[in-house]
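Consider the single chain below, provided in structure tokens and representing the form predicted on its own.
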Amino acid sequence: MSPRVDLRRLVLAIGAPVLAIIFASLVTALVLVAAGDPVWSTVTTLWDYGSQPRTIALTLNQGTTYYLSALAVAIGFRMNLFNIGVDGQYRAAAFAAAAIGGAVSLPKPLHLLLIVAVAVAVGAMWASIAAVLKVTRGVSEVISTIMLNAIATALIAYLLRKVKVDVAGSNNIGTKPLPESGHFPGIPLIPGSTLDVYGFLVVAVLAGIAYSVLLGRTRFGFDLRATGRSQSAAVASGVDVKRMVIVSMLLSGAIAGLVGMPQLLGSSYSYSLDFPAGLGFTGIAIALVGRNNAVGMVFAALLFSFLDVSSVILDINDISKEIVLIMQGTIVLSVVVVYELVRRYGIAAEQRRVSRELTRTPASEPEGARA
């Protein structure tokens, strides 16, 4: 009986995101037809462009940042905390790391370690503000993190003007460029591509493994998940809920601090006005699609990254690249709906199984009936 139940759960877990993607594809096809764009040629254009070595490398690079962002969001989600502030946390961390990294000169390993440590510390510190407000004043983390995003944007703009240097060949301004000792070496992973994959991909893989082990194999992870399910039950079992809130937000902010590192250490080497923004909100969508699962978020991050990278070729072929945003949004909505339907189906199926088991069990005779 047990293997059959496990197989059913596996089928449901795999089938739900597949159904969601199929539904999103159908909706996207209808939008293309309504807009007068060819459906099949759009699909073949995306596929042909996406299979090129350079596109694969770009997809992996973008997917690395997306995955780290999703991990940061997922830690909060597992605790039933909505850390909407990943966007502000990673940008504040990237700015601080770029400013400090560009101002010092150290041997390569120490320099990289310093930059990453500063990013992690700043990300955790910025997230801790929302955590302290929640446990001491009961302020919703949704409201506080959204406000902290706006504060981070203004603060970075102010500080950037204090440390700015002109970016050669443009009207852009940024921090002092990192010296060569602050560059994270790339990996020539894709044959035929002149573009290296971010070396920080290795850090993202290690972060995913650590996330999976911490939440699934440790007492802390059990307490975190238990608190997310029911705070009253967690308190009854001896869990300090306030401590868990603070620690979870600190961990989420620390991972958020890594989000900007692939770009900073592997490509731009400074924080400027055109540093990527909005990655935190993309991480929310990816965490939802991946169901906060370390492996599921890998596929979701690569899917979103592929769609974003491939949108360039659509614009070149006179097809509105906004169709990518429509598909991504539809995927998120579809996943939420499909998983809810699957959850209800699973509950109903389990109730039917228990009912059948109870029916097969002989009713016990009332005490004293034999007498």
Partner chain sequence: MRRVTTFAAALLTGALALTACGGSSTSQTSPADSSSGSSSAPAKSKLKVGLAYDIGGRGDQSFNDSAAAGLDKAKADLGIEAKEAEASAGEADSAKEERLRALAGAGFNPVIAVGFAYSGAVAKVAKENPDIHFAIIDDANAAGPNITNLLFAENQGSFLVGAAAALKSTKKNIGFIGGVDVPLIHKFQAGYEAGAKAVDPSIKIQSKYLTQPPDFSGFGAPDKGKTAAAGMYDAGADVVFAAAGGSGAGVFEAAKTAGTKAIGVDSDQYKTADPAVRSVILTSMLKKVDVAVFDFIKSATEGTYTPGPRIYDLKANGVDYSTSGGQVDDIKDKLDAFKQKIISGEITVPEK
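Numbering follows the first chain given and starts at 1. This is a predicted model, so every value here is computed, not measured.
Not on display, but discussed next: the form predicted in complex with the partner chain.
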Would the partner chain in the model of the complex be within 4.5 angstroms of a non-hydrogen atom of every residue among 222, 241 and 342? no
The partner chain: the contacting residue among 254, 84, 215, 294 in the model of the complex [heavy atom, 4.5 Å]: 84
Considering the partner chain in the model of the complex, which of 288, 120, 245, 129 comes within 4.5 Å of it through any heavy atom? 288
Could you tell me which of 106-114, 179-187, 245-253, 272-280 sits within 4.5 Å of the partner chain in the model of the complex, going by non-hydrogen atoms? 272-280
Given that the partner is absent here, does residue 161 sit within 4.5 Å of the partner chain in the model of the complex, heavy atoms only? yes
With a cut-off of 4.5 Å between heavy atoms, is residue 170 one of the residues that contacts the partner chain in the model of the complex? yes
Is there any non-hydrogen atom of residue 312 lying within 4.5 Å of the partner chain in the model of the complex? yes
Heavy atom to heavy atom, is residue 263 within 4.5 Å of the partner chain in the model of the complex? yes
Using a 4.5 Å cut-off on heavy atoms, which residues of 319-344 contact the partner chain in the model of the complex? 320, 321, 322, 325, 326, 328, 329, 332, 333, 336, 340, 343
